[in-house]
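In structure tokens, the next block holds one chain alone, the form predicted on its own.
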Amino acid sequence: MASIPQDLKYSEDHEWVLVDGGVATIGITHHAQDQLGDVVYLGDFPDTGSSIEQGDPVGVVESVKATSDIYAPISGSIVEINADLIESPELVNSDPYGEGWIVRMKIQDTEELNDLLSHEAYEELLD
């Protein structure tokens, strides 16, 4: 099993969240990309500035095996979409916790972060 970064929070839907001040960077976990296989497309992103509720889709990931929605682990407004993924969707496979991030959101309610899993709890979810 790949190492699960300790400084991130996780959703049960296999998204990760990195909080930096009032902004959250969101991506899918190594486990999620591993289950999907080779990612060939990411898209259907909301417009920058769009308000998103926790649990709403923030994009679609398509792989050689499946197509899946990416869900917002917290509520907020979209401040940035990783444009590199349009040309290089494979970054989600090669660097899911780095260059493969998907969206950045301005956090609406920091209390929602308490609903997310620690790296230990996420590891238990995978066992």
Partner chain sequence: MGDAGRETVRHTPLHGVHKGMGARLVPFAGWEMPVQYSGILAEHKAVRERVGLFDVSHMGEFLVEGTGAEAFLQRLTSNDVSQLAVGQAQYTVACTETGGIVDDLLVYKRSGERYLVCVNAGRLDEDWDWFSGHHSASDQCSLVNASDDYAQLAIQGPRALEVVQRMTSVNLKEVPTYRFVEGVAAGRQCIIARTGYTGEDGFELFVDSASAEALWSACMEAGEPDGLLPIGLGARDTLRLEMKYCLYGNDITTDTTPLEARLAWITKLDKGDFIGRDALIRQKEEGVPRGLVGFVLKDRGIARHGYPVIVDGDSYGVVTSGAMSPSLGTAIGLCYLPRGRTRAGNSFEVEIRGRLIPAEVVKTPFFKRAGN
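Small disclaimer: the values here were computed from a predicted structure and weren't measured. Residue numbers count along the first chain shown, from 1.
Although not depicted, the form predicted in complex with the partner chain is the subject of the following passage.
With a 4.5 Å cutoff on heavy atoms, V40 counts as touching the partner chain in the model of the complex.
Proximity of S51 to the partner chain in the model of the complex: non-hydrogen atoms within 4.5 Å are absent; the residue sits far from the partner. The partner chain is not drawn, but in the model of the complex it has no heavy atom within 4.5 Å of T29. A residue is said to contact a partner when one of its heavy atoms sits within 4.5 Å of a partner heavy atom; Q35 meets this definition for the partner chain in the model of the complex. For the three residues S63, A66 and I86, a heavy atom within 4.5 Å of the partner chain turns up in the model of the complex in every case. Contact with the partner chain in the model of the complex, defined as a heavy atom within 4.5 Å, holds for exactly one of D44, E80, D56, E99, namely D44.
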